[in-house]
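Consider the single chain below, provided in structure tokens and representing the form predicted alone.
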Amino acid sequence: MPTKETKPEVRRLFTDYLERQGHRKTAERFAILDEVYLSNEHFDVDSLYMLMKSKGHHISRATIYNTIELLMDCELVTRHQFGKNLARFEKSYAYKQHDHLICEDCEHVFEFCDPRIQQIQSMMGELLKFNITHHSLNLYGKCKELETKGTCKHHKK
């Protein structure tokens, strides 16, 4: 779980990465990093772009795309493909392994963590003589709130 020390640590890791790779350390790149780490949701590039524009940042979609690529390369952001053709991202530093439930109606992504999945991963690694480093589990369905009430707080109107 992240602590209040996460932001400076993430900024330090990103700075070190940019220096090692010979990339410029721009204010825009760090503004994007900060917005990503302020969020507790999965996001796509367009929603991040609109959020940053609404906060007065003068930044292009191309800069966001390029910065997200850098953040993925230095393992500060993880990319997910939850069906359809829209990539979603989430911060990944200091966050434990978790899995996802994706509503097919409202497209909201719910996170969950169940130690039994980790046990299955360990058991399968031993059984198959395979060193499993991580996993990704996405379960798709329909959230009960939308099914029973006809609407939910996540549903896009």
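All residue numbers are counted from 1 along the displayed sequence. Remember, predicted model here, so these are calculated numbers, not experimental data.
Only in words, not in the display: the form predicted together with another copy of the chain, which the text now covers.
- A single residue from the set Lys25, Arg12, Arg20, Lys144 has any heavy atom within 4.5 angstroms of another copy of the chain in the predicted complex; that residue is Lys144.
- Checked against another copy of the chain in the predicted complex, the residues Ala94, Met123, Met50, Ala62 give one hit for a heavy atom within 4.5 Å, which is Met123.
- Residue contact with another copy of the chain in the predicted complex: Asn40 places no heavy atom within 4.5 Å of it.
- Shown alone here, Glu104 lies within 4.5 Å of another copy of the chain in the predicted complex, counting heavy atoms only.
- Another copy of the chain is not shown here, but in the predicted complex it comes within 4.5 Å of a heavy atom of Ala87.
- At the 4.5 Å threshold, heavy atoms of Asp46 stay clear of another copy of the chain in the predicted complex, well away from it.
- Partner contact region in the predicted complex: 127-135, out of 66-74, 127-135, 26-34, 53-61, criterion any non-hydrogen atom within 4.5 Å of another copy of the chain.
- Contact annotation for 108-126: residues with any non-hydrogen atom within 4.5 angstroms of another copy of the chain in the predicted complex are Phe110, Phe112, Cys113, Asp114, Arg116, Ile117, Gln119, Ile120, Gln121, Met123, Met124, Gly125, Glu126, listed in sequence order.
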